[in-house]
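What follows is one chain in structure tokens, specifically the form predicted on its own.
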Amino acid sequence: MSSPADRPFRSVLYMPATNERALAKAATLACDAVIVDLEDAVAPEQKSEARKHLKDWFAARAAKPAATIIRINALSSEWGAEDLALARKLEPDGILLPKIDTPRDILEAGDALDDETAPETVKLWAMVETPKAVLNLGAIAELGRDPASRLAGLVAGTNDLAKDTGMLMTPDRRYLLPWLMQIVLAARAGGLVALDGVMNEFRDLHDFGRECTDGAAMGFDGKTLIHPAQIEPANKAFSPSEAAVAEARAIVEAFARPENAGKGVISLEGRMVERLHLMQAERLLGRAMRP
């Protein structure tokens, strides 16, 4: 069975469940995934209508986006249980849980899916957007090592983190960087996908491209988006460069030579290359082969 890490998540576009026009275009977009939002993008008086739109869209769509994730309302809210029940029936690739604080929030959602015998292919994703979630990142990410938890990825909720902490959001995100790096570190420890947070100024594609490049350099797998115009820059930033692909191929080819069979360390163009570099090169080439 394939895991979420086996597919790209370079560009993940939020779409309000109430926006029928946007949902109709989802299959034509070049993003790797869409997050159909029942939470922040939907006003309280529109929650029921949003669930209806979501159900109709799943029933009518002729082509499936690369991955479809549904962001539900928090299970502690008045809408969460009904959202989760509908999402379970629709069997998306993932269900995004907002406002998580502890591993228990994820385990409770997983138990609810298990009770309703939801397929194992329905994974859980966690928004890291509260101070408690950041403090509990290690324990949360550890769930990724247990397939029964269904946890597949962590999504940075940068707007809520800024709001809840009073942090100043600067263009270089310097006050946010320590928490972003914690998310990446936790995701790697738990074998999870890590998605960077959104950039609100969607018309500023120059700064958005820089933010994507920074996110990729930090180790994120991709970025969450709020507008289709952000898809192309995100796909470019989170795809391996031609230089990186060439270097990876050289490493793989070097270890494949008969004289290097069984060696743990070899010399390549004046530098020492270990087996761990071979594994990294193979993973990078696998990413480069994805559409």
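The first residue of the sequence shown is number 1, and the count goes up from there. Predicted model, so just to flag it, every value in this text is computed and none were measured.
The form predicted in complex with a small molecule exists for this protein as well; it is not shown, and the discussion that follows is about that form.
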{"query": "is_contact(Asp37, the small molecule) in the predicted bound form, heavy atom dist at most 4.5 Å", "finding": "yes"}
{"query": "4.5 angstroms heavy atom contact with the small molecule in the predicted bound form for Ala43", "finding": "no"}
{"query": "Arg71, heavy atom within 4.5 angstroms of the small molecule in the predicted bound form", "finding": "yes"}
{"query": "Proximity of Ile226 to the small molecule in the predicted bound form, heavy atoms at 4.5 Å", "finding": "yes"}
{"query": "The small molecule in the predicted bound form: contacting segment from 171-179, 133-141, 196-204, 85-93, heavy atom within 4.5 Å", "finding": "196-204"}
{"query": "Candidate spot Arg210, Met218 and Gly222, all three touching the small molecule in the predicted bound form (heavy atom, 4.5 Å)", "finding": "no"}
